[in-house]
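The form predicted alone is given below as one chain in structure tokens.
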Amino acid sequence: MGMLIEGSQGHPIKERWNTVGVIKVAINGFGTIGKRVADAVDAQDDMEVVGVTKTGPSFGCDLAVKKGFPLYCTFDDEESISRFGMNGYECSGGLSDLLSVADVVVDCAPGKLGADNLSKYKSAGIKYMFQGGEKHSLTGLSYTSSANHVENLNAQGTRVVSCNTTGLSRTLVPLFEHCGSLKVECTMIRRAADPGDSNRGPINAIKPVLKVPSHHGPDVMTVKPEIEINSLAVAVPTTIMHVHSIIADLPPGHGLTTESVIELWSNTPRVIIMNGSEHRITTTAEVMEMARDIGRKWGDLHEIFVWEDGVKLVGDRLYYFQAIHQESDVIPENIDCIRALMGTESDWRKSVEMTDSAISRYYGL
């Protein structure tokens, strides 16, 4: 293992040498998701970041340099690579050079680039994982920690499902495992854009997604096909979180109560249950303020937030609301997915514990 040194932000980071036996991870795309995945990888004792890519010189390069992550160009041509040096950044080469020194690549590139990137990964003979912006058909395999970790063990490549699908899986999978069957209808109340995105809307409107059902519910079935689920979606003018309004029909004889459902989720990793009225957290703004108050970097919330006083079981029908931080809930899933592809941990709960404990130590939480 590499020795630990004190990072520029006061937390330990691993030296970039003497790391025999650790998983060498490449991050292709160092943006909203990529920079978070890189930090999470850097936190793990069994992994190291061997490089991150940018399309060209930008402010994001400064963060990579600050963290000590080797910087590579997304492209392989000399003209693109040379631009980094011309702007004062040391560039270690192109994407092909990065892939040659890695065990697995986490693709955090913008959506719709997957097919082109996949051919590069296959040519390099490297394991690969995409994000939820790409379609399941790209890899034929998708991943979320609680639903199908074992099915992804030692696979050549997969896709970590979207923030919304991850959120749905966190609360629906334990219900399914208790009940044996589940029928779900849900409405995704989606943020219009990420906080740093100035090119999207709506600004002063509620925009229904007119594809029915929306892709979110069916996407759950790529990781847990036994759950019957459909979804609708609307985009609203906010940037900080999604909210899910969920109705789940449980089978007769399920034996659950409102209180035992809450207890079930309380024992589920990466789910937070809080009483909105008692804690005065009744909106997504207050949820995000809580994340900042407890010291999360970027104000991130990896967990799914469920309002306790918004959960109600009426007969066999369960109603509840949950909130999803779209920039960060998939981050720890990426780490567990790396272990699945590399076959280093077969128990998803053990991987979750390793991932979350390491991230907490990394940030001194």
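Here the structure is a predicted model, which means the values were calculated and not measured. Note that residue numbering follows the sequence shown and begins at 1.
Below, we refer to the form predicted together with a small molecule, which is not included among the displayed structures.
> Heavy atoms, 4.5 Å, the small molecule in the predicted bound form: which of 304-312, 320-328, 336-344, 38-46 makes the cut? Say which one.
This holds for exactly one stretch, 320-328.
> Would residue 29 show up as a contact with the small molecule in the predicted bound form if we use heavy atoms at 4.5 Å?
Yes, residue 29 is a contact residue.
> Is residue 240 one of the residues lying within 4.5 Å of the small molecule in the predicted bound form, judged by heavy atom distances?
Taking the distances in the predicted bound form, the answer for residue 240 is no, it never comes within 4.5 Å of the small molecule.
> In the predicted bound form, does residue 225 have a heavy atom within 4.5 Å of the small molecule?
Close contact is absent here: in the predicted bound form, residue 225 is far from the small molecule, nothing within 4.5 Å, heavy atoms only.
> Does the 4.5 Å heavy atom contact test between residue 191 and the small molecule in the predicted bound form come out positive?
Looking in the predicted bound form, residue contacts with the small molecule include residue 191, since a heavy atom lies within 4.5 Å.
> Would you confirm whether the three residues 33, 56 and 117 all fall within 4.5 Å of the small molecule in the predicted bound form, going by non-hydrogen atoms?
Every listed residue reaches the small molecule in the predicted bound form, so yes.
> Taking the small molecule in the predicted bound form as the reference, which of 236, 113, 221, 256 has a non-hydrogen atom within 4.5 Å?
By the 4.5 Å heavy-atom cutoff, the listed residue in contact is 113.
> From the list 74, 156, 230, 245, which entry has a heavy atom within 4.5 Å of the small molecule in the predicted bound form?
When the small molecule is considered in the predicted bound form, the option within 4.5 Å is 74.
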